[in-house]
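Presented as structure tokens, the chain that follows is alone, the form predicted on its own.
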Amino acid sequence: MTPTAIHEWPSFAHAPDLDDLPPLQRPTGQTLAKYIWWDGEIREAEGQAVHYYSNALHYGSGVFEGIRCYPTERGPAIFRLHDHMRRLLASAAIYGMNVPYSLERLVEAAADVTRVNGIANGYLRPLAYFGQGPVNLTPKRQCAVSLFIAARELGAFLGEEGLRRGIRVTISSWRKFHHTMLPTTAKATGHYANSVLAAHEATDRGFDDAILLNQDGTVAEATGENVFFVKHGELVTNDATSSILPGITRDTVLKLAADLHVPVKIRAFTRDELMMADEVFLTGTAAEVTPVREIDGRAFEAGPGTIGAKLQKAYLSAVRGLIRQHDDWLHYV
């Protein structure tokens, strides 16, 4: 997968306790890879199609993951691949989807499609879905399950300038659906209609992203990311009781914070608490660790010297194999 253009990764040279990272060359486009893994075999991606009467297309009955591959000194490595595939299978089980592949087969398939496309720095999208069948809401009875793993270029998801200086965010007027309405711990395709509405609202209002509140007014998450804030040196984020998808990047950052002796509290928090924070940042596979410089006109600290910058550098070190104690997070291709 040949990148259309590359840029040097921003260096937070003054972030405490961490040496400068060597430059990371990133694609600026989102070119699709030539090959895709689909139902057990590598195929040419061009010309593949989902049937127009697939249940997933009409009712959102699919589950998916987003997984990054990074260049390392030992070659391309897929970050936390087993964890992503475990969550894919767990999401499928919640929706009654009988995926005909084991965890290890899916891990092998992800490595195969990465290798055949020559990917060193890219993004994988495994997606399992209910296919063609009757027009009803019980697809597990008569709709076959298909699964593909697609690949594409992906650089800085929320923009390189956003990674340097932070992004501008708004609090959405749309609320996050409650975990008693839909299983928020499942990463399901239909769930993201909620995020599409919030993301459209944000961009229409000139912001980079949106944060959604729960029905009780506490903070849930951003459109595709978990929310962290820092107050008086303490790192705070919420958990599944706040109707979030507990992200794998979120878990990674919590582990890195423990390594760096950053005090952490995991609890529900209000919009007021968020607006009074010293720092705010978002985490997700696509967004990685992205600082927030503004929420609805309220400015926050971002960039060199902040806890967010320290954790961003630690995260980008880990995904590139530069933190040996976390080498088990990497699946080398």
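So that there is no doubt, residue numbering starts at 1 and follows the sequence shown. Because the structure is predicted, anything quoted here is derived from the model rather than measured.
Below, we refer to the form predicted together with a small molecule, which is not included among the displayed structures.
Remark: all three candidate residues (87, 225 and 284) come within 4.5 Å of the small molecule in the predicted bound form, counting heavy atoms only. Only one of the listed residues (91, 249, 237, 242) places a non-hydrogen atom within 4.5 angstroms of the small molecule in the predicted bound form, and that residue is 249. Contact between residue 174 and the small molecule in the predicted bound form is not found at the 4.5 Å heavy atom cutoff. Shown alone here, residue 192 lies within 4.5 Å of the small molecule in the predicted bound form, counting heavy atoms only. Of the candidate stretches 133 to 141, 225 to 233, 95 to 103, 112 to 120, only 225 to 233 contains residues with a heavy atom within 4.5 Å of the small molecule in the predicted bound form.
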